[in-house]
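Just one chain is shown here, as structure tokens, and it is the form predicted on its own.
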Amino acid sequence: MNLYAVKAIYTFEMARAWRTVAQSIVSPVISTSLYFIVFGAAIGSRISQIEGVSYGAFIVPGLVMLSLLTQSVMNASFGIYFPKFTGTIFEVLSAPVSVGEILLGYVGAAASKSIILGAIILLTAGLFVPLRIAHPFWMVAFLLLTATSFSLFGFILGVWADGFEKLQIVPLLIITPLTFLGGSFYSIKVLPPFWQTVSLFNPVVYLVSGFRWSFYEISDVSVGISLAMTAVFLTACLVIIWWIFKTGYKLKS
């Protein structure tokens, strides 16, 4: 494995995040904190507990997942789109670097930035409500799997997009609404039976449910199903990326 190439791509992408720390780190943390304050104060005063957990603490995993999903997609999509936009992607493609090494550099950096952001949000939330992590190992596992899966998805989006508008469409019109409707701020068990069934077609439900279980041992769906759905999504993204590099779709043209 060409570790020098992986390190070069990874270091460059991480350095770009530190150069724009206000946009990459500070802004998402402030936005998530505002969600927490507004929802926790406005709704928490009317909903004291959900399944034995205070409402303020209940929404923390959902808020972390909301930020993790959107930032993973945005970081990875911009990371691969700019080399395409500037033409430097051809230098990467012509270098003695494999597909796996390119993914480790770009996707690894995007996932790292998202995980750092998620950790900061968790620490920030701990200032407002007492947090309890029942299963730290599974919490970290869901964090890593989700960040990696959606960074891969963002990589695909960055390759597919041929303009800045397309980079914004999927996160704003698909990812964010699915996250809000995926049980981030409520349990789908409070919904009428019909809407509970509809919610099960939302893949974000499984991510949020599994992540929340690692905190409070409560979930809307089985933890095993949550892990399986995450693994299926990750595998599908890897297959699509393999096809992209095999055919050169929007990379070599």
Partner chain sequence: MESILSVSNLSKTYASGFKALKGINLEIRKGEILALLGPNGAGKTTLISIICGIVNAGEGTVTVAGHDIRKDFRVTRAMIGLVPQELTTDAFETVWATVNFSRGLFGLPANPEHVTRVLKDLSLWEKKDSKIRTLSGGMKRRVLIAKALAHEPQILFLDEPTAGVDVQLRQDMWNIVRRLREAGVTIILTTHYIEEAEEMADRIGIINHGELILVEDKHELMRKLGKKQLTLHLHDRLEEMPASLSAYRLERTNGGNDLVYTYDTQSERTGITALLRDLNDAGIRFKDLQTKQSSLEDIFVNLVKRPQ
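Positions refer to the first chain, counted from 1. If you're wondering where the values come from, they're calculated on a predicted model, not measured in any experiment.
Heads up, the form predicted in complex with the partner chain isn't pictured, but that's what we're talking about next.
In terms of non-hydrogen atoms within 4.5 angstroms, which of the given stretches 114-122, 91-99, 138-146, 155-163 touches the partner chain in the predicted bound form?
Among the listed stretches, the partner-contacting one is 91-99.
Residue 237: heavy atom within 4.5 Å of the partner chain in the predicted bound form?
Flag for residue 237 set to no.
Counting only non-hydrogen atoms and a 4.5 angstroms cut-off, does residue 86 reach the partner chain in the predicted bound form?
Judged by the heavy-atom cut-off of 4.5 Å, residue 86 is in contact with the partner chain in the predicted bound form.
Contact of residue 233 with the partner chain in the predicted bound form (heavy atom, 4.5 Å):
Outside the cut-off, so no.
Just checking whether residue 241 would be counted as a contact of the partner chain in the predicted bound form - the rule being heavy atoms within 4.5 angstroms.
Output for residue 241 is no: heavy atoms all beyond 4.5 Å of the partner chain.
Using a 4.5 Å heavy atom cut-off, are 26, 177 and 184 all in contact with the partner chain in the predicted bound form?
No, none of 26, 177 and 184 comes within 4.5 Å of the partner chain in the predicted bound form.
In the predicted bound form, residues of 107-121 near the partner chain [heavy atom within 4.5 Å]:
Nothing in the stretch sits within 4.5 Å of the partner.
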